[in-house]
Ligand code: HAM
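Quick heads-up: it's one chain on its own, the form predicted on its own, in structure tokens.
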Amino acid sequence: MTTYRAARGTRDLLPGETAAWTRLERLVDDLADRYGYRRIVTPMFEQVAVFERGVGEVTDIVEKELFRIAPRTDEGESWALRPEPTAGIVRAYVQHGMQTWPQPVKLAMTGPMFRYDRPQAGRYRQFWQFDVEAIGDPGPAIDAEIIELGHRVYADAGLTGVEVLLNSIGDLACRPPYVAELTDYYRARSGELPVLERDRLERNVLRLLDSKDPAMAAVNAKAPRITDRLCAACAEHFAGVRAHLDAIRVPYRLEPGLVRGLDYYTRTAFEFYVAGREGQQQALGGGGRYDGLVELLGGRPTPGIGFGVGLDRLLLALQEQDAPAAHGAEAGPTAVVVGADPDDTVARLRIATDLRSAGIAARAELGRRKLGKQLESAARDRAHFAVIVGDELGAGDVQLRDLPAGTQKVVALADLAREVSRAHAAHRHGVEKG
């Protein structure tokens, strides 16, 4: 018999695992609201050209990791699942005329991304990312706000030792001379370069700086640094970013070799790591400024900056630190409706439905089991109350048992929802609030 499994590089999030996941989603949504970043939802697939223009054709994402979609009919366009959110958000910014809105437009999104990557710990082919973008502000103050928000995600999640790695990669004024110098540097050492990197050397030399090939480490260590070659405007901007970060007490470390892996970045670039775990596969998230991306995708020249936090990697890091946010059971129902008559499922379902209508998390025992087994099931679910349907129902009453406290009393069915809400708010595990 054929056994079906989740596709390689993907996984199922089962009910026992989703409590920590749900907490992270709620945490980042709350932070986005607190910082004034409004929710946007873009399609999970875009025209391939959106990623080729925005991310860059000579990148690992487009060259090796893009999930392309084969349409049933020839529509004259090619599509791909989104490997990252920024290009799609900027496409939406241009398409829907957000340049006429009050600037900056501050947007946030949480959702799945897709990369045909080699599966490994914390790196999946379908992964979830929290993303924020501020489009229309040239900085540097907004750069610092964005970086501080990213740093706060990890702090509020309970992850310790997170460090910001920071760099500036210049702009169209100072980067071309640097690229020419960098090209000369690598050409003089072409014999030391792996085959893939020799090919990239002539197409996009900056990609060599973020190469994942270990053979590049020694060569890259001696490569020219762009921070020594910034133009006056970029140097002033970078100094402003650092001054703002210092003012709001965000710890960071300058990393001249950090260029990020996407073509759209300019000036500020940053990544988040747990201290001592720096490396290509250890980044928890990162981002940067992309002042040319809006124009690349058909809009007027508009500055922008954003970052993405990998929720999968964040949860894995929390687990490695055995942080409380990585654990914890799902919340149980407030009440479970059980019955002395195993066959009377109608009454149990009706009462549970009425409790739900009153806003109470309630479950009905709908199996035909003895009362003892039903109560055991309610206790395993960590329910606060068991509503016991018995002979009292004829008089319009039920028994309400506080499971943690072990107490029980008769309650009129008409008052049940109000009494459950009051008692649940007043105490936990049978301990009255003072």
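Numbering starts at 1 and runs along the sequence shown. What you see is a predicted model, and the numbers here were worked out from it, not measured in a lab.
What follows is about the form predicted together with histidyl-adenosine monophosphate (HAM), which we do not show.
- In the predicted bound form, histidyl-adenosine monophosphate (HAM) sits within 4.5 Å of a heavy atom belonging to Asp131.
- In the predicted bound form, histidyl-adenosine monophosphate (HAM) lies within 4.5 Å of some heavy atom of Asp117.
- Put simply, Tyr264 is close to histidyl-adenosine monophosphate (HAM) in the predicted bound form: some heavy atom of it is within 4.5 Å.
- Proximity of Ser168 to histidyl-adenosine monophosphate (HAM) in the predicted bound form falls outside the 4.5 Å heavy atom cutoff.
- With the partner omitted here, the stretch from 307-315, 176-184, 192-200, 91-99 that lies within 4.5 Å of histidyl-adenosine monophosphate (HAM) by heavy atoms in the predicted bound form is 307-315.
- Within 4.5 Å of histidyl-adenosine monophosphate (HAM) in the predicted bound form, a heavy atom is found for all three of Glu84, Arg123 and Arg260.
- Of the residues Pro140, Pro303, Gly339, Gly286, just one reaches histidyl-adenosine monophosphate (HAM) in the predicted bound form with a heavy atom at 4.5 Å or closer; this is Gly286.
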